[in-house]
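As a starting point, one isolated chain is supplied in structure tokens, in the form predicted alone.
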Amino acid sequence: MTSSPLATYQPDQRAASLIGGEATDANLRRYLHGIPGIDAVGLEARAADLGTRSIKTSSKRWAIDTIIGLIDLTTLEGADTPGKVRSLVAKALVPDPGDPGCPRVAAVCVYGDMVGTAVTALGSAHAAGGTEGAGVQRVHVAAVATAFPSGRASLAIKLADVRDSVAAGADEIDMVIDRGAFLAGRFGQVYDEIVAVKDACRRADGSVAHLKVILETGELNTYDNVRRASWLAILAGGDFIKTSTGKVAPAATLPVTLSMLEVVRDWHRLTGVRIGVKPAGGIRTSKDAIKYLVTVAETVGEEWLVPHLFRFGASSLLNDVLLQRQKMTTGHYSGPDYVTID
């Protein structure tokens, strides 16, 4: 299978050189199955060790603020309404009304039909409304697409989903791969779909929405599959690799995220190109989030702890982080009534 005729985006030529030619099932299978397997026991031991490391008290405030600035504040429910999305945006802009120094989150993440509502609610704070600087932290709008969360739809419908979201003002697209195709070994189909989605992220002015590729690691069954899917997504042009939709258990785990970070590290060593990573689902406390910060810093370096290279996909994490932040300011814990309900 060669690249889809629907796509004009062409992956980096390094991808073709790595896989030995066109992105056929045979070439991709040969390359992906040639990647060394993962020592599951070793990976889990490494993740457990990183998860026990603490940070200095003097660094905790930095860590808390960093976590807030890396959050994709998310609502992805069938019962979502414009009012709920506007409330989400208000919280993204002012996470703690009692502390104007509290940083904003990186993005709000919504369904495609809510993108316009989010963009309007953000107003001049929307990332597309200007450049960051002079203390201005703008907020991106991310949209899930490609028949999220299942990915069960025709390619034409998936691409229309992406184009509608981009046209409505989405800065980022979170697509899902076809896990059935991947597990059946139809790597060329998965590759072609990512390439086509990347092309659909292109705006009329030539700029391109960033593409996050959701692997849905809870359905991939093995760490080796997670590693192969990560490489496949990057080869096809993904700007980020993302663990999960948050709709399947298990969602993000530290060992899975570590395995993805190792792929990103190896890609950077090979090409000099930095790819982002987004664990999503199941990260609910600041204690858990700090484990991820440590894992990122130890695996790919602290330079990855910026919004264009690392995100947390979360809905409830922000509240716990805000309570921790308030404790550091006041010296005592606030009750849950001191933060807004998502």
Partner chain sequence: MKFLDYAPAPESQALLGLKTDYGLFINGDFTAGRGTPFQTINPATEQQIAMIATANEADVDAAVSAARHAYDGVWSRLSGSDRGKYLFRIARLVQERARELAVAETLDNGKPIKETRDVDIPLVAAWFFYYAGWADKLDHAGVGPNPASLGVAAQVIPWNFPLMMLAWKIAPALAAGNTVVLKPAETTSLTALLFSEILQQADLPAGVVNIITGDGSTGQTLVNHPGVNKVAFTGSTSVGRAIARSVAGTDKKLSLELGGKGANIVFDDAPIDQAVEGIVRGIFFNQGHVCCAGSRLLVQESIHDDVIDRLKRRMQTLRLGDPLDKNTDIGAINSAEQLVRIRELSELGQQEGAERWSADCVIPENGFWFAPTIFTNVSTSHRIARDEIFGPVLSVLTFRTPAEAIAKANNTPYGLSAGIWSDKGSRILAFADKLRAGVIWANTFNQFDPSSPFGGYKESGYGREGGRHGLAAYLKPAVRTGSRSAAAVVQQSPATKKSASAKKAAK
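Numbering follows the first chain given and starts at 1. Because the structure is a prediction, the values reported are computed rather than measured.
Keep in mind the form predicted together with the partner chain is missing from the figure; the text below concerns it.
With a 4.5 Å cutoff on heavy atoms, Asp39 counts as touching the partner chain in the predicted bound form.
Although the partner is absent here, Arg163 lies well away from the partner chain in the predicted bound form, with no heavy atom inside 4.5 Å. In the predicted bound form, the partner chain sits within 4.5 Å of a heavy atom belonging to Leu293. Contact check for Arg53: a heavy atom falls within 4.5 Å of the partner chain in the predicted bound form. With the partner omitted here, the stretch from 78-86, 192-200, 263-271, 145-153 that lies within 4.5 Å of the partner chain by heavy atoms in the predicted bound form is 263-271. Contact annotation for 43-71: residues with any non-hydrogen atom within 4.5 angstroms of the partner chain in the predicted bound form are Leu43, Arg46, Asp49, Thr52, Arg53, Ser54, Ile55, Lys56, Thr57, Ser58, Ser59, Trp62, Ala63, listed in sequence order.
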